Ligand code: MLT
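Just one chain follows, in the form predicted alone, and it is written as structure tokens.
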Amino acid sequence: MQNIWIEGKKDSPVFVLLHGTGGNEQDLVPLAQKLDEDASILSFLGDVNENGMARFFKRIRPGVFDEDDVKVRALAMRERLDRLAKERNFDASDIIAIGYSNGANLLAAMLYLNEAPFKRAVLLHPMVPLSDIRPKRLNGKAVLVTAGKNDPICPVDESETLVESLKQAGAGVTLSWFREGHAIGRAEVDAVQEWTQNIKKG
């Protein structure tokens, strides 16, 4: 899987970025740089091609995931992060993982499957990634979920179900609602910045 690495300053956080459907590895870099200009950045390009659009896992149709493929690719991402952490000399448990839409869904799947090495994650407009399991043993994980009240792709109840399942598994979850649809608005960026600053202090 193609990725880019931007070396930051020593003792600054490492952001791992996963774009949304049809995006690329550059999409979330400006967001990460706004959150912390000194941070290192590891940003991935999804290697699933859906009619010319890059994704991180297959789907049967919009809103319906190929859950077998989700599981395989979540495990592969865990292995990839562990390997790159050794190569780039950072602690995989100490990264801040940020995913948008399809990328957020893969991060959520890693949490559901207990394949998330990271302790902190920002899920921008995610959905419930897997219907046949619920996450377990997520104590010590901190997760920010952002959602749009008028999001045509991620219904309100979908966001609420995801958040509740993560909480029941022991994760510390913050849910932030916004008036926008599926796009990331300025207020949402500000909320992510505030959360990441607070979580780094903690």
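Position 1 is the first residue in the sequence shown; the rest follow in order. This one's a predicted model, so the numbers in the text were calculated from it and none came from an experiment.
Omitted from view is the form predicted in complex with the named molecule, to which the following refers.
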item	value
The named molecule in the model of the complex: contacting segment from 141-149, 38-46, 62-70, 169-177, heavy atom within 4.5 Å	62-70
Position in contact with the named molecule when the complex is considered in the model of the complex, options M127, M77, A85, I95, heavy atoms within 4.5 Å	M127
Answer option from I133, V29, I153, V156, heavy atom within 4.5 Å of the named molecule in the model of the complex	I153
In the model of the complex: members of 90-110 within 4.5 Å of the named molecule, any heavy atom	S101, N102, N105
